[in-house]
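Next up is one chain by itself, shown in structure tokens, the form predicted alone.
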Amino acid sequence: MKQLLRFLLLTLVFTTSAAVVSNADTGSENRVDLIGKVVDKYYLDFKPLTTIELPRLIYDQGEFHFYRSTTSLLTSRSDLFTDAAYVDAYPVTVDGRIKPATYQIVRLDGTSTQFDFSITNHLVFFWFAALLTFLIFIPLSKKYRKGIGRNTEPQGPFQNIFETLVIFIRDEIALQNIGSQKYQMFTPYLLTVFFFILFMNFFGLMPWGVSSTADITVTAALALVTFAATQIFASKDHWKHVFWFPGVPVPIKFILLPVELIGLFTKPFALCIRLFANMASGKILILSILGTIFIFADLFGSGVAYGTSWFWVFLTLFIYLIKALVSFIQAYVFTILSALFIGMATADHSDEHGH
């Protein structure tokens, strides 16, 4: 049954993708852009209600250029930049202001700008997750300073819920993987990364919300912090096992050296790709299932689309619930793997153990 469901879902995704390409080639107005729903944007998408354009900061030819929005950029300084769609076309204007088309800003001749430091929707929800983390744990920390939850039992369901999660991460993740001597040093980081990722994942489940962890640059930054903590606090034995593996013949040491060096980078790479792929694929899968309704309307008519819509909505709800569980699991997996990598690097190894 599980294999059949997986086959049906994969078939659905490929069918939807094929229909998207077909509609794009024919110039259909009803084209369903799945990838466009998960990529970074320079605006907050609250359609059909409204869209909120985000500030643009561009560094080009030795100068920084700041604008309140993409529309402001195109209208006020059209002598410097333009939308990529308007390089060889006349700009579309609304109430005398140039309307952004692709939001990709280029020079007037069509060449790319040097650096685009503009704020994106993934960055905004990244900040939202950071703000939520502060709003939750600063009041909790004040309670602990007063002795509530430390000298007495936690008060209220809010503190009890987070007390359970904090103790679980401290005892079952940090202590078990790093060891009793050093786990307290890394517990604050592990708690931060767990709740930070969890909040970003949950934001992607909200209406008009965006999951910042579906952006590989975000997951790469998180993995880079784990990598830095692993290498900075690594023990001498860790580096000895990397550069001159003890207990093996000298010729084998030269073979193991490049393997160990590559292994230093494959671990954070795995952290980055695993989180990104799981969160991005879940979003695409949900949009693919819902998009099937519109594809059936194009292929078989509105009657078939309406008649089968209940099934696609039910399946979407089922996948949505799974994605909610996956959001929690991925935060847990990233945290426990970070603790495992840190524990392996900071542990004091014995040269006499078997290899």
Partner chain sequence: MNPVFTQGLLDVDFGLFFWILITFLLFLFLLTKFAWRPILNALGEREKAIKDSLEAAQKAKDEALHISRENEKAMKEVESMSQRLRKEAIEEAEALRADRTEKAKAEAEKLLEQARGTIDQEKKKALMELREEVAKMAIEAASRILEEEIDEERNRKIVDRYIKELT
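Predicted model, so just to flag it, every value in this text is computed and none were measured. Numbering follows the first chain given and starts at 1.
Missing here is the form predicted in complex with the partner chain; even so, the following discussion is about that form.
In the predicted bound form, the partner chain sits within 4.5 Å of a heavy atom belonging to Y42. Contact annotation for E172: none of its heavy atoms lies within 4.5 Å of the partner chain in the predicted bound form. Using a 4.5 Å cutoff between non-hydrogen atoms, K236 does not count as a contact of the partner chain in the predicted bound form. Under a 4.5 angstroms non-hydrogen atom cutoff, the partner chain in the predicted bound form has D116 among its neighbouring residues. Interface residue among F243, W208, W127, F265, judged by heavy atoms within 4.5 Å of the partner chain in the predicted bound form: W127. Put simply, of L80, L123, L256, A270 only one has a heavy atom within 4.5 Å of the partner chain in the predicted bound form, and it is L123. Stretch 140-148 is the answer when you ask which of 243-251, 257-265, 68-76, 140-148 has residues with heavy atoms within 4.5 Å of the partner chain in the predicted bound form. Three-residue candidate spot I98, L198 and Q231; no residue lies within 4.5 angstroms of the partner chain in the predicted bound form by any non-hydrogen atom. Contacts of stretch 178-199 with the partner chain in the predicted bound form, defined by any heavy atom lying within 4.5 Å, are made by Q184, M185, T187, P188, Y189, L191, T192, V193, F195, F196, listed in sequence order.
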